[in-house]
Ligand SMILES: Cc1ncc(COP(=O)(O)O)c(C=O)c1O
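Consider the single chain below, provided in structure tokens and representing the form predicted on its own.
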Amino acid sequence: MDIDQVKELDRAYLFQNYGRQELCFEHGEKECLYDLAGRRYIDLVAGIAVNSLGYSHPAVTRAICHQAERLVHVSNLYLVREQAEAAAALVSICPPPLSSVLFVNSGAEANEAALKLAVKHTGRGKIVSTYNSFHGRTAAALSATGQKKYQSGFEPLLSEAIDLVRYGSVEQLKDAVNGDTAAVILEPIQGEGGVIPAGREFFRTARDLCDERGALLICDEVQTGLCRTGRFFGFQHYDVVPDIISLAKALGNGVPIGAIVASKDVASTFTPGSHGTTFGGNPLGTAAARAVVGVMREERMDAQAAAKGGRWMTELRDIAASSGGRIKDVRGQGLMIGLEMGEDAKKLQSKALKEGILVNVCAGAVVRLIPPLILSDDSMKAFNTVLEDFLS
């Protein structure tokens, strides 16, 4: 089947709710994808920060194939060995008191579960979130997403329980968190919002306010978690420990899975029947997750991301310094990097695609680099060359 046949089937049978590029991939290896015609692309998108260990990683592939031969799904009416093993692996990289795991199917579901858990645990009815945030497209997660463009058309489903503050504003945060606040939900770095780090003072203030006023701190680590920023979790850059974290994306390296991790005390709020999921924690997904966490821990992917990202960001800042202001900012942590370029962002994306490099544009003006953490120096240099050529 060629790409024209795929396009025909797509138009005939699929919802047209994605602004798709006219590309279709046949297979991947390491940080590269290959299209139906066999052309190779360096992938600096990684399925939107999902394929952190790249494509066809041997250990993850073995785990998936082995599990698929044995047991793909069994209900949560029963004990699930693979689920328990994956939870133990995940807790092993979490700081205390984060010690109990609930598996779901996606990042949006993880944030829904986290919000429900916070409301039930505290008995309170308000959530503090931030403008420019992104927490998912399901009803409560969408309500907590501080971007009107994602909410447009769905206003009847939105909750009035959300109070929004400016991301990074300590003063607005102090005014918003009160005795009605069940939780504050924050991304350590706003990904969809344009790769914007929170800042240490903002996160420290959120932690202190939650402690003082009896609220819970939820860290949305769906995009930042699992070594993306050069630490196992983004919140570790700010020397705080949240009450609940949400995870997805990299957790399955492409196999759909999400999770929340909380303290034993907070987790005990969910009793049998209070929350659940049919597919969450299925043997296939949790076998993949266990393998992913194992590889990340054994190969110190956090340190690799920190070192590679640090070098790359220095190189990109050098290029920006001689760009005549066309690159307005280079920011991020580890291998989560944003180049603020205004109208040039989309133009660079098109140029890179012609040169066989995939990049993503977020917030309309930011080239977001979120590649597999196994990214080679040659692939970084290839992008730098395209960028310099674009700016010349």
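The first residue of the shown sequence is 1; numbering continues from there. Small disclaimer: the values here were computed from a predicted structure and weren't measured.
The form predicted in complex with this ligand exists for this protein as well; it is not shown, and the discussion that follows is about that form.
K.L.:
Among the candidate residues Q151, T277, S100, S106, which is the single one with a non-hydrogen atom no more than 4.5 Å from this ligand in the predicted bound form?
P.N.:
Looking at Q151, T277, S100, S106 one by one, just S106 meets the 4.5 Å heavy-atom criterion.
K.L.:
Taking 4.5 Å between heavy atoms as the contact cutoff, choose which of A262, V292, I127, V222 touches this ligand in the predicted bound form.
P.N.:
Of A262, V292, I127, V222, the residue with a heavy atom within 4.5 Å of this ligand in the predicted bound form is V222.
K.L.:
So, G136 and this ligand: in the predicted bound form, are they within 4.5 Å at any heavy atom pair?
P.N.:
It does: once this ligand is placed as it appears in the predicted bound form, G136 has a heavy atom within 4.5 Å of it.
K.L.:
Should T229 be counted as a contact of this ligand in the predicted bound form, where contact means heavy atoms within 4.5 Å?
P.N.:
Heavy-atom contact with this ligand at 4.5 Å: absent for T229.
K.L.:
Is there a heavy atom of N111 lying 4.5 Å or less from a heavy atom of this ligand in the predicted bound form?
P.N.:
Flag for N111 set to yes.
K.L.:
Residue-level contact is defined here as any heavy atom of the residue lying within 4.5 Å of this ligand in the predicted bound form; does D163 satisfy this criterion?
P.N.:
D163: no, not in contact with this ligand in the predicted bound form.
K.L.:
Picking from 284-292, 264-272, 77-85, 187-195, which part of the chain touches this ligand in the predicted bound form when contact means heavy atoms within 4.5 Å?
P.N.:
Looking at the other structure, the answer is 187-195.
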